[in-house]
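What follows is one chain in structure tokens, specifically the form predicted on its own.
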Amino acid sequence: MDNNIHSKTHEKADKDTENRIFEAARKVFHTKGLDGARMQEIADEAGINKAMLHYYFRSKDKLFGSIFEEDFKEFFKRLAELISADLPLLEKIEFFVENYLELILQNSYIPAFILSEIHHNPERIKNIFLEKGIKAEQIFMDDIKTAISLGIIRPIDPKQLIVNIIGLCIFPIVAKPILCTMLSFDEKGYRNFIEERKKEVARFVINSIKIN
């Protein structure tokens, strides 16, 4: 009985330490990126020594990969929920843009993580998609095809429309440092800009495809 209690206590301590490492690594990776991050910085942020960090994760790449896969899967799970919303296409575009922009604003490191992985380990991205069976985009494509057939929107390649919407949303997040410099935004000004962007992107896309 005592051995069972000791084992459970040890498992909980291990899990708590692993979670602390994950949160510390996220903070360092988000600030400095994969290449700029150092294991010593992560250990310091987690309040542990470097030897203990290596006990849980033998390399920076392994730690980065674990965090990336966890965050990437959760991000696309929430993205699939947005795409699957039971709404007419034009309302869905408005709903998707508003919530997708907020989602990537809250997880602004995800696009940078994805770009990094595309260059360093493209197979990891591919395998995550295959493992999760991410097919929610097909729902969006079917909605677009239906709207075309009903004469609600002009004929357009559904894939092009989806990429247009995602690109218009992602760019202001990825290019935040450039936009803040060019447009003289402080943090509050940038956030206000993104709030306006939620409406502007939806309006721009709908006006470009809607049949009056």
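Being a predicted model, the structure only gives us computed values, none of them experimental. Start at 1 and count along the sequence shown; that's the residue number.
Not pictured, yet referred to below: the form predicted together with the DNA.
Shown alone here, residue 54 lies within 4.5 Å of the DNA in the model of the complex, counting heavy atoms only.
Though the partner is left out of this view, residue 49 does reach within 4.5 Å of the DNA in the model of the complex, counting heavy atoms only.
Mapping the unseen interface onto this chain, residue 60 counts among the residues with a heavy atom inside 4.5 Å of the DNA in the model of the complex. Put simply, residue 145 is far from the DNA in the model of the complex: not one heavy atom of it is within 4.5 Å. Of the listed positions (37, 153, 166, 67), a single one reaches within 4.5 angstroms of the DNA by any non-hydrogen atom in the model of the complex, namely 37.
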